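What follows is a pair of forms of the same protein chain, given separately as structure tokens and numbered structure 1 and structure 2.
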Structure 1
Amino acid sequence: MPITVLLVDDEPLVRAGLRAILEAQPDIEVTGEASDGAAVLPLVRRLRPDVVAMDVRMPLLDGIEATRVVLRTVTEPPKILVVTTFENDEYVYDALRAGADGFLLKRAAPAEIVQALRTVAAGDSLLFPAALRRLAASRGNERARAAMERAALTPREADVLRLMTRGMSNPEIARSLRLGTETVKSHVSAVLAKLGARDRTQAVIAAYESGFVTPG
């Protein structure tokens, strides 16, 4: 069964772009659109989408309030992926605090957008490292750390990530944890997916920026 998505953005152009990108995926289906937060709640109730791609700034009801309303009133609510233009959007923090599962920059590459959506659909939180760094930059890293914790790394995955931040290769991690290389690869893949990282370097960056590890 496909991942169903509700697009919420006041700009038709953005909605069209997201739709084009997402509908190109065989397993993703855009089932509805809304141009303002006020229209979200009834649409969510009727369509029951897996994910809501929600713009932060909208005329009547912004993405933060819309997120709050949906999460407060809907049982088994959809995942909320906050979409924003600016890396330093103050509202993003509020949206995350309101319970959003991740956020996404509009200028992200299509592949990143698709991956982000899949990640939140799978129940994993995510913040893109590039945005995460700014996030941690402007507000201290408590919230970023919290977001990371919501990514819910399993204990084993956390072990692996920790060794990744020590610069170890997969074989080295395997030896260190007394595992097979294939096992380590599995954990690494899980870590990358949960952190929204494309490769181990981005994962290490995310670990630093989120405070999962600290320099020194």
Structure 2
Amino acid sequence: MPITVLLVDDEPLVRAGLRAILEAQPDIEVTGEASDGAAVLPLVRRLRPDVVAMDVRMPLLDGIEATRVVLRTVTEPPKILVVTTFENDEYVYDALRAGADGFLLKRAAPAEIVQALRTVAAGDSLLFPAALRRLAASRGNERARAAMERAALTPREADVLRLMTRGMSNPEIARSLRLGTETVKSHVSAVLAKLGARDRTQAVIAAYESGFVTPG
């Protein structure tokens, strides 16, 4: 089955460019388009895409609020890939905090765009560039630090979280720690549960905001 995608951007040329790049791939199908975040929820309900590739800045409803609406309303929500112009955009960081699964620059090469979409669809590794890591660290706060302390991660879970913050997939973590992939999956699930994180993105944000890891 192909990865189905909903494109959301207020610029028709951007949507057309993304559609051309993605539909050239045998395993990706663009099933719909929207020009504003206000149209996302009904399209998600009707089309049930695997991934929503969404601009973060739009005139009526931006990508941050559209992400919140979808995740709050849809029982089995799609993955959300934030697409924008600037990698250090605070709007992008807020969209990731709201629950978006990854990040993509509009100027990325076609191969990078395709890989980003496949990565987010798989839910196995994380798209979180250095600029956003620094931004997350700059938003450190006592609440995040207290939550990390309450999580009481085991030493192995802490190792796994550190490697998650580097964007490693489960197989990469398994090779680094000399563990089985299924064991790593169990540790990742435990980390998410203890941190109250919906996914890897939320766990990595918690790691940086709490000071558990620092950019570098």
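Here, residue number means position along structure 1's sequence, counting from 1. Here the rigid core means the biggest group of C-alpha atoms that line up within 1.5 Å when the two forms are laid on top of each other. Quick caveat: nothing in here was measured; it's all calculated off a predicted structure.
Of structures 1 and 2, which one represents the form predicted in complex with the DNA?
Only structure 1 matches the form predicted in complex with the DNA.
Rigid core fitted, then: does residue 35 show a CA shift of 2 angstroms or greater between structures 1 and 2?
After core superposition, the C-alpha of residue 35 moves less than 2 Å between structures 1 and 2.
Any chance the CA of residue 46 moves 2 angstroms or more between structures 1 and 2, core superposed?
After core superposition, the C-alpha of residue 46 moves less than 2 Å between structures 1 and 2.
Align both forms on the core first, then report whether residue 188 has a C-alpha shift of 2 Å or more between structures 1 and 2.
Comparing forms between structures 1 and 2, the residue 188 CA shifts at least 2 Å.
Where the core is superposed, what shift in Å does the CA of residue 168 undergo between structures 1 and 2?
Comparing the two forms, residue 168 shifts 16.0 Å at C-alpha.
Superpose the two forms on the rigid core and tell me the Cα shift of residue 159 between structures 1 and 2 in angstrom.
Value for residue 159 between structures 1 and 2: 7.2 Å of C-alpha shift.
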